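Here you get one chain, nothing else, as C-alpha cells; it is the form predicted alone.
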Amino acid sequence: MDNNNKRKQVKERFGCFLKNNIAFVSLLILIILFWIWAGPNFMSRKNWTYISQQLPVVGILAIGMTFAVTGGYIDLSVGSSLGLAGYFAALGIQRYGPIGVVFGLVTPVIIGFVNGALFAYLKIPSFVTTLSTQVIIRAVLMIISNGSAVYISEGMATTGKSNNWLTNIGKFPYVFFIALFVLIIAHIIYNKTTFGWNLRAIGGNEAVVSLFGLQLMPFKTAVFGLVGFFVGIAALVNLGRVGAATTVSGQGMELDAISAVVLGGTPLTGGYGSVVKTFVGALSLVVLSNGITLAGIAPSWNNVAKGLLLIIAVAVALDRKKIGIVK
C-alpha cells in the first residue's frame, strides 16, 4: 500500500508539474528534436534572429487572447481584426505620416468593444459572436481594399516623411524589445491590478463575483476592448515587418493565438493563466514552424503538427471539473 501511495503521489506531482510547465517542456522538446533533425542550422544565430522576428506578432496576439480565455471567453476575430487594423494604419500613414498609426490602434479596440457588447449585453456566446465578426471583418477588408495591398512606402510621396521608423520596428532586435515591453505591461495588468484579479475571479466563478457588486457586463466589454488593444499593437508590428497591409494579413492567426494560450497552461475554462507562459507557448509554435521548414518537411504538415500539439496541451491543461461552462 505504501508503494502504491508513493507511486500515486509521484504521478500526481509529475502531472501537476507538467500542467504548470507544459509551455517550457514543449519548447525544450521541440528545440532538442529539431536540433537533431534539422542539423546545426537550426541553432545558428541567423535562424534564431529570424525566429525572434517571427515571434512578436503571434506572441502579442496570444497575450491579448490570454485575457479573454482567462475569463472563460474566446475571441476568434483577432486575425481578421489585425488585417483590418493594418489596412487602416497603412492608409493613415500614407496620408498623415506617423500619426496615422492611431487608425490601426483604434480600429481593433472598437471591434473589441463591439464584440464585448454583443456578448455581454445581448447574451450571445463569445464563440458565436466573434466567429460572426471574424467573417464580417474579413469581408469588409476585401470590399474596401478591392483585394489590393497598401504599401507604407507609398506614403513618403504624400507626406514627404520617411517611414523607416515603422519598418525598423519589424526588424531584430527592435521588434523583440517591443514584444518584451508589451509582455511586461501585460504581466503587470494581469497580476498586479484589480482588473486582473477580477478577471481571474470571474473565470473561476462568475456567479460568486457578481455577489460582490462587480458590474459584469461593462467588465466583459472592457476585456474584449483590451484584447483589441493588443491586436492593434500586433497589427502595427506586422505592418512594420511586412511593409504592407494585405487582404490575407492575420488570416488563421486566431488559432495560433489560442494554441499559444493553451500551450501556456491557461485552460479554456478560464480562472487562471500566465501571459509569460503564453509567450513561451507562442515561441514553441514559431519554433515548430521554423523547424519543420528547416527539416525539409512539406509545409502542409505544419498545421498537422500544430493540431496535435494543441490536442496534447488541451488534454494536459483542461480543467475537466468546469468543462461545461466554457462561455
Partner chain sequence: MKNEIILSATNISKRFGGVIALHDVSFNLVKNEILAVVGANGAGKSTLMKIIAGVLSPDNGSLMLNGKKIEKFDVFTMRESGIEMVYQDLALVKNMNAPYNLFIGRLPTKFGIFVDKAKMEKKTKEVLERLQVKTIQNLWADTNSYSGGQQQAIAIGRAIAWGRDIVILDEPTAALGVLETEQVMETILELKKQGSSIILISHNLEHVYKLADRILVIRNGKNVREVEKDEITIDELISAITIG
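Positions refer to the first chain, counted from 1. Since we're looking at a predicted model, the values are computed, not measured.
One more form of this protein, predicted together with the partner chain, exists but is not displayed; see below.
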TODO: Have a look at F212, F181, W165, Y121 for me and say which one sits with a heavy atom within 4.5 Å of the partner chain in the predicted complex.
DONE: F212
TODO: Would you mind picking the one in S153, N205, Q134, S145 that has a heavy atom within 4.5 Å of the partner chain in the predicted complex?
DONE: N205
Open item on the list: Against the partner chain in the predicted complex, would V128 count as a contact residue? Criterion: heavy atoms within 4.5 Å.
Closed with: no
- [ ] Give a yes/no on whether T193 approaches the partner chain to within 4.5 Å in the predicted complex, heavy atoms considered.
- [x] yes
Open item on the list: Is it the case that Y272, even though its partner is missing from this view, gets within 4.5 Å of the partner chain in the predicted complex, heavy atoms only?
Closed with: yes
Open item on the list: With the partner left out here, check for me: in the predicted complex, does some heavy atom of R200 sit within 4.5 Å of the partner chain?
Closed with: yes
Task: Segment assignment from 165-173, 184-192, 243-251, 96-104: heavy atom within 4.5 Å of the partner chain in the predicted complex - done: 184-192
